[in-house]
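Shown next as structure tokens: one chain only, the form predicted alone.
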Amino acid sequence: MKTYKIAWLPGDGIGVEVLEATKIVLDKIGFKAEYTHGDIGWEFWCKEGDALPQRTMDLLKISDAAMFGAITSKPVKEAELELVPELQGKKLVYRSPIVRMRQSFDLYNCLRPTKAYIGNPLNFKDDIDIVVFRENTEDLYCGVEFNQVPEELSSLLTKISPSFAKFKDLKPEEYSISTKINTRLGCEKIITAAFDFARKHNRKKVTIVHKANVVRATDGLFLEVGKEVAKNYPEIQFDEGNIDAMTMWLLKNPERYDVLVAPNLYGDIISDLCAQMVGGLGFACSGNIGKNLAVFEPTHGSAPKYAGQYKVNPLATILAAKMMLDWLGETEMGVKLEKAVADVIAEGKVRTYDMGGNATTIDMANAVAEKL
């Protein structure tokens, strides 16, 4: 087995604790890696004006994969900043480091499996096994926004869009614009990834999630490309549904869904809904996957109120490590790790507070490790 180069990005708050727990499990399973710490998160924004310093970007460029904990993002008060002298007095704009990673390394595929493990008291139903493919670099998260709309943009929109007429007399500070950009290539890549996954893992259906009946241009493109791609996979059932209706049908009949694929915002929404049906954020793992790099993480935040208490459930991060093993080709280890997690949940002896128990973050990690 080769020794992998893994960027280790704990971040803020409980991110540090859940990654500590995850390393206990990876060490026990025999995963060989050179772990290199990467600076990321609120601390570095406050001190350096950059939540994702260039040295961490450089580390990611030479890594096989990365494990990411969590970050704190909050409104900045000037008094909170302890910037290095050369940044004092400069106007700084906070940018989400995970969004920057996704866009900088073209981590276009946000893969979010949601599976109900037998014995989890938080399951909505025990037969849920849904995999969400979320486009990760475009749509409303593309970052093209205007808090105060430039005059030249307002003038152009007045000329080319009849729908913009009711806004044309507003002052720049009286409205904002966020753009939703979907490209044909971006749609094709994420939808193809979903169908490839379905074919490889013998999944029976892929459902496109959209709102093309209202957002006709961008979501219309996503649906159009989806129908084109589906023709290349005749053995897989193709389905599609509006995002609003999907939230209803997923709650009513989750067993009818298999693989979901959606633009960025809808994928974010639908994956959180799916996560809650299988226990909540303590079980929600995520992979940000590109051609040459993948970053794996729990989907929960940094939970500052729990920081230092070793209270939170680390299974989301441990399951994210399972995704990393699969992506690196260490599938046998991945299967073994997931079985250990399933066994601990089914046994029911070790449960963190969210599951109704009092086990610590490290207790849960040790319980999983003992099953390996």
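It should be emphasised that the depicted structure is a prediction, and the values quoted were computed from it without experimental measurement. Counting begins at 1, following the sequence as shown.
Quick note: we don't show the form predicted together with a small molecule, though the next part is all about it.
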item: Stretch in contact, per heavy atom within 4.5 angstroms of the small molecule in the predicted bound form, of 116 to 124, 99 to 107, 177 to 185, 218 to 226; value: 99 to 107
item: 4.5 angstroms heavy atom contact with the small molecule in the predicted bound form for R134; value: yes
item: Contact test in the predicted bound form: E297 vs the small molecule, heavy atoms, 4.5 Å; value: yes
item: Contact flag, F195 vs the small molecule in the predicted bound form, heavy atom cut 4.5 Å; value: no
item: 4.5 Å heavy atom contact, E138 and the small molecule in the predicted bound form; value: no
